[in-house]
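Starting off, we have a lone chain in the form predicted on its own, written out as structure tokens.
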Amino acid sequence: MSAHVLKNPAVLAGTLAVLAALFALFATLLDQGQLLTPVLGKAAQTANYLHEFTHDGRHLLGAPCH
């Protein structure tokens, strides 16, 4: 992607929206403690806070988590 394309506000907004959506999908469907590990250390992976927070949402969307 060239810098000229990113100067277009619509393209930039669309790109940021796609990146935010991908991040939300990763946090909701795939995260097993990786996102909070830099902040909480190993406790984030053993306690699995984001996983437990989004557990019902994962099942609602049909994503396997265990």
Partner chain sequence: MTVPALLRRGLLAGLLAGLFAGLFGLAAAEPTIGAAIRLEGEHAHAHTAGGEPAEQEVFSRGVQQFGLVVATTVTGGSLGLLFGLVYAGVYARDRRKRPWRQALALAAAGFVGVFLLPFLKYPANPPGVGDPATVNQRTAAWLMAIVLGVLGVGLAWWARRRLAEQGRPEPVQHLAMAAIVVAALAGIWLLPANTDPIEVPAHLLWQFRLLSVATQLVLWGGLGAVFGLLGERALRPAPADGAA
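The structure presented is a predicted model; accordingly, all values stated were derived computationally and were not measured. Positions refer to the first chain, counted from 1.
What comes next is about the form predicted together with its partner chain, which does not appear here.
Contact check for L6: every heavy atom lies farther than 4.5 Å from its partner chain in the model of the complex.
Although the partner is absent here, T37 is not a contact residue: none of its heavy atoms lies within 4.5 angstroms of its partner chain in the model of the complex. In sequence order, T28, L29, L30, Q32, A47, Y49, E52, F53, T54, H55, D56, G57, H59, L60, L61, G62, A63, P64, C65 are the residues of 28-65 having a heavy atom within 4.5 Å of its partner chain in the model of the complex; the partner itself is omitted from this view.
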